[in-house]
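Okay, here we've got a single chain as structure tokens, the form predicted on its own, with questions on binding and movement later.
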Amino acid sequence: MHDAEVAVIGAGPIGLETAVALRRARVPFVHLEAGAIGATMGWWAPGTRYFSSPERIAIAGVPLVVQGEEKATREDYLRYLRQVAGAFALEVRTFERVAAVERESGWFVVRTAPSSHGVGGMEEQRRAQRLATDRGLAEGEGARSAPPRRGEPTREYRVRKIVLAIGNMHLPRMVGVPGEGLPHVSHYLEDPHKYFGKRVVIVGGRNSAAEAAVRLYRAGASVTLCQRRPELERERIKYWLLPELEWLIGKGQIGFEASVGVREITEGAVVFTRAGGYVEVPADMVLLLTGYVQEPGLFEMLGVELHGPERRPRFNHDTMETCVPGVFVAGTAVSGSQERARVFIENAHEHVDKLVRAIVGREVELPERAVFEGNEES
């Protein structure tokens, strides 16, 4: 049993920034992460570039320097997170998944088990499906945190407070149509090289779908982008991608099917509903890039109230403390499975200041950060 004042759960950018702030405030803490540092970014396609400028996604007062003064790539940012963790000598206990939390005489007892990956991505989806099968749940319902199997090694930590910096992109938003589980269907864009010479149908109307369409076309795939809306969601697509995508669609280089809904996926095509009938688009591979949802198991385990269609945790906006005393939330985790809420790295830095002040009970001198203005999307 290891004792500490705080357990920080999650080692993405806001989790790491919280750890740095607690260290500066001399608060004893343990830092737990189910996968590697920055696990969510680990399952992004290689070369994915951030929407926001480096200044806005820098953490803990450490500048993010990118070659060529460009937007940071996935690789740039993962390297940067490793540098921050190393510079502050953060001891992140990676590949330890929280399996259970119990209350005991004013303490939280956190039990962990070994994990092979973070809470998100293809491996997590497969884990969710295995758990759903074991429990007789519908496919894709979620990978609720579960006690470790008998004989599996565990660790226990006893803490006074918990900070949940767990993010919100854990599992794909399932379409729920026949054929969604076929081997050539995925909810994740992989290395564009994989799709060379293939007919790829991409379902989705926001940035991830738009970016996949352009990148796969340039990698030599025959791409058709399909969406429910009659027009592209211009405000949800990276500004440098939008004109490229519109030009390629206009020239017929990328196929575009608007105002359609997925009816069925077969081994060689996707069947869409359309006003007055159906349309069938040939496909060797299908990408269902329809967004992601938060896995709420830890909130539920701790008794945190979730509300609204996005199942957002209830918390005090001045302190970041949830309705459960001693349990705090930070980063994109505050927004649940965000659909309308706009919470990103750059407008979540203030969460760290608030929760550390609440935990310490006084003002804490934290490093200065760039001022965030606007509503850019990571």
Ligand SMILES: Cc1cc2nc3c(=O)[nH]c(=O)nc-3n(C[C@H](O)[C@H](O)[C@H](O)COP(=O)(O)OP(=O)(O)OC[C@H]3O[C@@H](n4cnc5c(N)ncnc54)[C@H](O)[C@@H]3O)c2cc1C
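Numbers for residues come from their place in the sequence shown, where the first is 1. Keep in mind that this is a model prediction, so the values were computed, not measured.
Not pictured, yet referred to below: the form predicted together with the named molecule.
In short, of 61 to 69, 306 to 314, 327 to 335, 22 to 30 it is 327 to 335 that has heavy atoms within 4.5 Å of the named molecule in the model of the complex. Contact check for L355: no non-hydrogen atom falls within 4.5 Å of the named molecule in the model of the complex. The closest non-hydrogen atom of T322 lies beyond 4.5 Å of the named molecule in the model of the complex.
When the named molecule is considered in the model of the complex, M169 lines it closely, a heavy atom lying within 4.5 Å. Proximity of R97 to the named molecule in the model of the complex: non-hydrogen atoms within 4.5 Å are present.
Note on contacts: among V119, A213, V203, V163, the single residue with a heavy atom within 4.5 Å of the named molecule in the model of the complex is V119. Although the named molecule is not shown here, in the model of the complex the stretch 288 to 313 places heavy atoms of just one residue, L298, within 4.5 Å of it.
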